[in-house]
Every structure is written in structure tokens, then in C-alpha cells.
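Only one chain is included here, represented as C-alpha cells and corresponding to the form predicted on its own.
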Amino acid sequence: MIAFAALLDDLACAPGKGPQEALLRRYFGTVADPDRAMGLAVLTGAATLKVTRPALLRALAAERFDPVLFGLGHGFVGDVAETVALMWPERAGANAAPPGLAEVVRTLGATAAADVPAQIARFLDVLPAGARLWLLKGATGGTRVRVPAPILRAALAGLSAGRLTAGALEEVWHGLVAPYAALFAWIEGRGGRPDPGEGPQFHPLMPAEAVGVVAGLDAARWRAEWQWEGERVQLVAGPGGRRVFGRGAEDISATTPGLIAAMGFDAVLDGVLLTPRGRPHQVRLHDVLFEAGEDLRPLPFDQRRARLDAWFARVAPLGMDLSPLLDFATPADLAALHRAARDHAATGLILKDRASPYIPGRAEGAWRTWQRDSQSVTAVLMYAERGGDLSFGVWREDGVLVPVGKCTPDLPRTARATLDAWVRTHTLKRFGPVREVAPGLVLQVACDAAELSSRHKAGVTLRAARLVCVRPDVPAAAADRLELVLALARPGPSA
């Protein structure tokens, strides 16, 4: 438990994909089973701590702390779980060895609800403060840690001394189940490739390389499509069954029953899952990998696209349509399409080499994405969750601050500590782990689009918002007005 808590703490502050992979490699390379396997299960969402009521924390505090002292500590720290973790007193005779992650998860899972508080107290007696915090957060539902599957696969492949690639793990990822004995044996060279199980199999997707300019592009070599807003998916159907996979090889069939019902065909298709507000899921198809058992991946893109068009005209599957190919003759034409992406509810353009086969893993630029330019908003911080999302807003005409979005800040450890300290000293109200703060801190926020939305108080929300920087030099009164954000908005799927 101590090693896993340290991993989570480090991951929360890691500045990017590379450092995160290094932290995961260290954990999986040094921690023994069953904690190693349980760590992978928790990070993928396959296992969780048994969740109990947040009121448990105050009950534990009432048993162990002087109420005045706890009130002072809570007033300074601001978070109940963190206060309990930091103040938890040593208990005479509690000299047992700290429990491992697997012991914690399995013990809480087997403990009756009425006995959970006492069991958590026993764990707290023998854990250091950092591990106590993650235990309390996890047990009360205050945190859910998930690491993207591509980062996990890259980290695990890095333990194989070059024998395996992340793509090789991706092919069997959907069939893996805890305790992952066959997976780790394969990685360490002690066993063969794990059996992904019966039924439809996931096939690694072809990636696209991000580009910023297209000057000098040979237009005759490339095809262009809109890059649609949504989740990339793979539809696999045939005699062995039907499945919908996400881009990380996760099986999402249970969340798309309408699509599963419509997949009465024998093919493997690449597409984007669109989720218009108030309407069923729809898939926009852009490639075909297999048809009636025939592997089409070695074919050039133009031939695969012709096969997809013919298949779609013949099958006409419900809930699906085709991503149209866009006409252009010069780089200038392509630039004009790029400027129009927002009008088509697209995040940009995707360019595909007409002669390229479908290559999983690194395709060396055979597919390229040209993202549309980000929009920028100067907003005021309104709510904050320690180590989590920031909610921000802009000024309405009547001087009221209205929320327009939220983001998870990607900040270095020191910068995040500075932000947390500001939040603690400017908190107005608390709602569980979320704090309402005084309107005094300005954030520079970038987003893919501003979208009209009847579900939000401001009538607009920012899509894919991300923190660019904190602006302590800008007074809150100088932040953007709602009129500016509304001017950026377009009617879209969330309207």
C-alpha cells in the first residue's frame, strides 16, 4: 500500500507521458505480486477499494481527536481526509507490518459494511500519512485513479528488455483479467503470449501524426477528411460475436447496446462514436480492416475506402454513416478547409496517404492530423478540488460570475502546491472535496470550441478546456465577459 500510494502521489505531479511511464515501470519492475497485479487492476479500473460513506471520516476523527484541535487542523488544511491522515495518532501496540495493496483491497471487499470503519482504523494505525490519505480518499469515493491504457502498455512493454512492443500488448489487452499471471510471465520471458479469449478480437488502430502546417504538400498524394469530435472506436462483428472497442482496446459494448444490435454483419470497421445530446449513439465510419474474414489492412487506403463505400451501400447498417472525403487540389484549398473545420463541428482535418496500408503502431506520417486553432478565454477560478478539476467562469452583464467550464490542471508539483495554498486561503464554502473560492484568481484557458448549451447556466460551455497558465498579474475584474464567449460559440451537439 505504501509503494502504491507513493506511485499515485508521483503520478499526480508527473509533467507528462514520459515521466508517467518511467514511474509505472519502476513500480511494476520493483513491486512483487500480488501487490503488483493489484496495482495494475486498480489503475485500469478493474478493482477498487470498497467505498463507504464520507461521514466515516468525521466519525473516526471524533473517536481519536480532540474536537478543538481537529477543528483547527481542518481549518488550516481544508480537507477532512487529509486532516485525518495527517493527524492520525499512533496507537500503543499497533506494531504490525503495514498492509500491502492487495491485502487492503481484498480485506475491505470481504468486510461487512458495519465493520468497515473499524477495519479502516486498523489500517490507519500501521500506515504512514501518505498511504493513509490515499486509503481514506479511495475508501470514501474521494478519488478514482485511472491511467490511460497506452501509457500502461508502454510502461509494461519497457520491462520486457525489447522483446515486446506496446502494440503487442494492445492485441491481447481486452482479454486480460487479474491477477495477470500470464501477462507478467510473457513480459518477463517466462511464458508465451496470453490467450485473449474467445470471441471478437481487437486489432490495434492506425495512429495519426499531428502536424501544424501543410505548405509544400503534394495534394495528389493525399486524401482529406474532417476529424470528428467524438471517441474513436473499432466495431468487430462476425460469427464469433459482436463487440465495440474504444481506442485503448477497452470493451465498451455494454455502453452501446443500440450499436451492438445493429452490427449484424461480418466486418471490422474503424470509426468515431458521436454522442449528440438527446440522441442515440451514432458511428461515423472511415476505414475497414476486415470484410468477411478477409484482411484488408495490406491494401492501399484508396482501395480500402472503395471497399468500405461498396460495403456500406450494400449493408446500410443502422446508426452509422460514412465520413466524407473532401475535395482539394492545392495546399491553399486545404488551408481553406482547415479554417472551416469549426463550422462542420470538426476538430480539424485528417490527411491520409492514398497508397498507405493500414499500419498499427507507428505509421511514420501516413496519416496526419491538422488540428484547428484553439480558442482562448481569460476566466476566473470559481471552484477547486484538491488535486482535481478547476471550475471557472466569466462575467455576465449584471456583474455575476457564471461558470463556463472546468479543466484538470497539468502543473508541476511546486506550481500545483502554490495553487492549492491559494485555494485554502480563499475558500468561501466547502461541498465535500470541492471548494468555492473568492473570485480573485484569473486563469488563461484554451479550448477546442465554445458550444451553446441549454444545460449550463451561462448558456455556453467550453469543449476540451485546458489550463494554459495562472494569471496572478490580471485582476479578476478584467477577465472576459460572457458576450465574448457566446460570440465564440456555435450551435453544436451539446445545444
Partner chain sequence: MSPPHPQTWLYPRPEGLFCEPGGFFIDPLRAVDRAVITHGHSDHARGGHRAVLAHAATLAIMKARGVAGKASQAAGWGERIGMGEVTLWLEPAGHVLGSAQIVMAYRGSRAVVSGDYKRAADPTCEAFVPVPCDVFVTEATFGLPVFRHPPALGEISRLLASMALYPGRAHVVGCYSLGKTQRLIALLRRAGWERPVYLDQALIAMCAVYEAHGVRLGDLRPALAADGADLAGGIVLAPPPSIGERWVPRLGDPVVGLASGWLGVRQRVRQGRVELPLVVSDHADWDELNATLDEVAAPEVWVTHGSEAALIHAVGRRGIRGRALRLVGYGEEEA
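Numbering follows the first chain given and starts at 1. Just so we're clear, the structure is a prediction, and the values are computed from it rather than from any experiment.
The same protein also has a form predicted together with the partner chain, omitted here; what follows describes it.
- Contact with the partner chain in the predicted complex, defined as any heavy atom within 4.5 Å, is confined among 125 to 133, 226 to 234, 351 to 359, 108 to 116 to 125 to 133.
- Interface membership of P89, defined by any non-hydrogen atom within 4.5 Å of the partner chain in the predicted complex, is confirmed.
- The partner chain in the predicted complex comes within 4.5 Å of no heavy atom belonging to A316.
- Although the partner is absent here, E385 sits far enough away that none of its heavy atoms falls within 4.5 Å of the partner chain in the predicted complex.
- Under a 4.5 angstroms non-hydrogen atom cutoff, the partner chain in the predicted complex lacks L486 among its neighbouring residues.
- Listed residues T347, S391, T83, T256 were compared with the partner chain in the predicted complex; T83 is the one with a heavy atom within 4.5 Å.
- The partner is absent here, but in the predicted complex a heavy atom of L72, alone among A421, L72, A336, A310, sits within 4.5 Å of the partner chain.
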